[in-house]
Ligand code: HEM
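Only one chain is given next, in structure tokens, and it is the form predicted on its own.
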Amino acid sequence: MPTTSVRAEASIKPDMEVYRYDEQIVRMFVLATAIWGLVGMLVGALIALQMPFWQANLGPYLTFGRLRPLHTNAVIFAFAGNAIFAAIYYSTQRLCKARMAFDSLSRVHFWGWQSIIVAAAITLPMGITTSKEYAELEWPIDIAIAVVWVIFAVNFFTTLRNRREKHMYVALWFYIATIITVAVLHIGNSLALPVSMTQSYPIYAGVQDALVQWWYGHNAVAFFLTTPFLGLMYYFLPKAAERPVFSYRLSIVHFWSLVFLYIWAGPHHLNYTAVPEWAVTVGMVFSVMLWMPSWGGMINGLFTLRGAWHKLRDDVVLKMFVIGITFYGMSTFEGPLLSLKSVNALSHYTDWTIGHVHAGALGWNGFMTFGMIYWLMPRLWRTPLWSDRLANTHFWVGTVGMLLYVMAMYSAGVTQGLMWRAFDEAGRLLYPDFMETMIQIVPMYWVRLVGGLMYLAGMVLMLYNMYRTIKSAPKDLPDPAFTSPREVAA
């Protein structure tokens, strides 16, 4: 539908109405994504250095134990979280042909989320933590997260109610699943008894606490790092490729099978622990079943490029998306593989898991975010991307860096697993000293650092490209206006 200029609005016919999209909020979330991405990856590079070079642990606040949760929260909830919100605010308005219902709630959502991130950046290095993976923040911040999330949900669902487009495209279904399930997960896992403003005790204990935590932990990956990014894929990939999605029917099957199966897979994190055997078996079975919808989604994404593969030569956005979708397929194949008890016996507690997590985070979440940002920049700031060559350099530096990182961790993980369960002829441990394993994998930690620094360098290139693009943008960036037939009351 053509954009309508302000001057032309006076000539709009009486049976037509003008509506505008809120692009300012999208620009805010895009900028926050880039800035927090740099911060999170800088912290990641520092803790990667601390592993082979212990002298880099500086004082009580900058040790590995304090910075590691800061890194995970920064890249998951700050970098990926702001990317999710940018994608949702941009695509939802266009899929609904309606402005976000409440501009004020959009701004409260933005500033509330940034305040939560700052609170995490202050409290985690101070050691104020619940010690629950991906849920380390103490109860006052947890309450703030719930409040901001509800504000986001009210804005989103009211926009759905106000939509001019009757059909709800599949991306919206993935967003709905994200909003509802993350709320349930966060509230359920964060229930605690406060004893002070900086300390609380979870209402669960022992095995129950472990089960609830990994019901949350695995599904935080599922419904914060997977479903919203699949919604992003289903919207932005066809736009960038200028091709319809390969199979809309497959996308619907992908959605329903994924959201049904994913929620039960969490116990596979607890293989070989005190959790009952039946519980981890259920987690393993549902994890294996996830191969089908996950690869169905990957195939649907890649096949959308049928007839458009030649565009990859010149289009850095499509290159980013192809790497992202490929690593989605690789990670969702590897995850169920690692849940198998025989494989998990080798991989559990090793750096193989670290490699697996970062293949998904750097490959799937990172490159899908980069592709979306490069596609959005010229449209949000109404000026050509400052340097396509710099964007392509980012692509290659980031790809090589990611591969170095992941392969180093795979190598380190297999080395650890084999050494830990090696026995001599008498049945004694062949390597009883844990330090022997550490000495063997130190070179791989240095390779990981090099790969991480390359990925970080790509992030810096994108930020510089973004800065120069925004600098060349026109000063006036009015919200785009569109026309639609006016609804007549019954």
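Remember, it's a predicted structure, so these values are computed and weren't measured experimentally. Quick note: we count residues from 1 along the sequence shown, nothing fancier.
Keep in mind the form predicted together with the ligand is missing from the figure; the text below concerns it.
Contact check at 4.5 Å (heavy atoms) against the ligand in the model of the complex: none of Leu31, Thr326 and Asp388 pass. Of the candidates His394, His109, His254, His268, His268 is the one whose heavy atoms come within 4.5 Å of the ligand in the model of the complex; the others do not. When the ligand is considered in the model of the complex, only one residue from Leu338, Ile176, Ala135, Met100 comes within 4.5 Å through any heavy atom, namely Leu338.
With the ligand left out of view, the stretch that reaches within 4.5 Å of it through heavy atoms in the model of the complex is, among 89-97, 163-171, 298-306, 344-352, 344-352. In the model of the complex, no heavy atom of Ile84 sits within 4.5 Å of the ligand.
The ligand is not shown here, and in the model of the complex it never comes within 4.5 Å of any heavy atom of Arg66. Shown alone here, His358 lies within 4.5 Å of the ligand in the model of the complex, counting heavy atoms only. Using a 4.5 angstroms threshold between heavy atoms, Leu362 counts as touching the ligand in the model of the complex. Residues of 66-92 lying near the ligand in the model of the complex, listed in sequence order, are Arg68, His71, Thr72, Val75, Ile76, Phe79, the criterion being any heavy atom within 4.5 Å.
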